[in-house]
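Shown here is one chain on its own, the form predicted on its own, set out as structure tokens.
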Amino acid sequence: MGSFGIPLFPEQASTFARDIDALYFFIVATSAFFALAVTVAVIVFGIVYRRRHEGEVGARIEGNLPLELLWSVIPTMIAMVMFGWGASSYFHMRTPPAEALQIYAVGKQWMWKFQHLEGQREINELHVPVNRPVKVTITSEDVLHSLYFPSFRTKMDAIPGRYTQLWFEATKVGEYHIFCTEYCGTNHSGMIGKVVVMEPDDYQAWLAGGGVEGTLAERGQRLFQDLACGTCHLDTGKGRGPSLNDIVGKTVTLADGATAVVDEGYLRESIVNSQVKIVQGYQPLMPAFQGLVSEDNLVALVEYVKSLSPQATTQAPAGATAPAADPTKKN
């Protein structure tokens, strides 16, 4: 804590917050040490070796190989320690555990909208359980935003037309800030919210109090049917579009001979701009839904298609009953 009770740094409330802070302080301390050492050396040498009378010529310096190696090797070793430590922390922060709780976040001027697989939807507020990994899949509905959890020491840009992700595991029950750290318009400073970290039982009780529209996958299923996607994407694979059963995680061959892995980003792109990646053996007949389906509904459609591949995705415990009959899109 700083003076007057004002904290100098956010509370450490995630599993990797302490490691990130340690790396930060190590880099700051190392930089300060060498900056001070160079400053002191310049001042001392300036005083000791100053010109004392007119016409004085300094002694000839031939060089010192051991000394030159020393001031080259030591900084290099320190830089490699920083690089290795930073790379290890980055890899850990960008590799969510397979069992992580999945949540979708959509940035919009000027709010954060969160959707849980169980169906609950929140604005500028996110409820999560303590001591459980949480993976947040992020996108933007308009301009570039950046989702930042200072107490968890993690952030990620929300990019229009793309999915990005971050994860964290909260270690303390409480409420923590959410900020947007990418300037996104006149009300950027007001694009804030809070994370409510709860005990597991309290979180389950909170989940039980919402989701009146059903799970996220069930909402996607209704959208799938409303958009008549099932008229082309038949289970048999003999429709005008490929079957979507068990497609997530697979590698498909495209009409131009290239290949693509079917993941969340691929599914989203196939919905909004179906002509970009045509699956081999199918015609470019599917209409593009760019601008016709909101990001919130795209998330639901993607989650429904994922529910058709139970071996490749984590399902909502509320039980999304995805029928084995109609899937979502892909040309």
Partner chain sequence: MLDTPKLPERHYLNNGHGLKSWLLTKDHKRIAIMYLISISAMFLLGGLFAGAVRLELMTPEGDLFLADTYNKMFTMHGVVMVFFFLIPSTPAVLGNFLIPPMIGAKDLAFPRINLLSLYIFWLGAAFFFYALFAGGVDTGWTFYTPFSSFSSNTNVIPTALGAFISGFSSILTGLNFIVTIHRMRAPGLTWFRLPLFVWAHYATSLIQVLGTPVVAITIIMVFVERAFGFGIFDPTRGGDPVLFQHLFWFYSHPAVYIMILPAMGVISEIVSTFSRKTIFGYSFVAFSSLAIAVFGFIVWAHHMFVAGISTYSALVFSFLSFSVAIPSAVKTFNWAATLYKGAISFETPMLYAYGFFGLFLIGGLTGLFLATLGTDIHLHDTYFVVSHFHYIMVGGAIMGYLGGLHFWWPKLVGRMYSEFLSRVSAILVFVGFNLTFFPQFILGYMGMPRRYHAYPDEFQVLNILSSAGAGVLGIGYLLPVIYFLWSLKRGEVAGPNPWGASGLEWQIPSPPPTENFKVQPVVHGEPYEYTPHVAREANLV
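Since we're looking at a predicted model, the values are computed, not measured. Numbering follows the first chain given and starts at 1. We call the rigid core whatever largest set of C-alpha positions still superposes within 1.5 Å between the two forms.
Absent from the display: the form predicted together with the partner chain. The rest refers to it.
Segments offered: 199-207, 173-181, 218-226, 242-250. Contacting the partner chain in the predicted complex at heavy atom distances within 4.5 Å is 173-181.
Among the residues Asp157, Asp235, Glu125, Glu213, the one placing a heavy atom within 4.5 Å of the partner chain in the predicted complex is Asp157. Heavy atoms of Pro310 never reach within 4.5 Å of the partner chain in the predicted complex, leaving it off the interface. Within 4.5 Å of any heavy atom of the partner chain in the predicted complex lies no heavy atom of Val106. Mapping the unseen interface onto this chain, Tyr282 falls outside it, with no heavy atom inside 4.5 Å of the partner chain in the predicted complex. Taking non-hydrogen atoms only, Ala13 never approaches the partner chain to within 4.5 angstroms in the predicted complex.
Residues Val38, Thr39, Val42, Ile43, Phe45, Gly46, Tyr49, Arg50, Arg51, Glu54, Gly55, Glu56, Val57, Gly58, Ala59, Arg60, Ile61, Glu62, Gly63, Asn64, Leu65, Leu67, Glu68, Trp71, Ser72 are the ones in 38-74 with at least one heavy atom within 4.5 Å of the partner chain in the predicted complex, listed in sequence order.
In a rigid-core overlay of the protein, Ser72 has its C-alpha displaced by at least 2 Å between the shown form and the other one. With the core held fixed, Leu292 shows a CA shift below 2 Å between the shown form and the other one.
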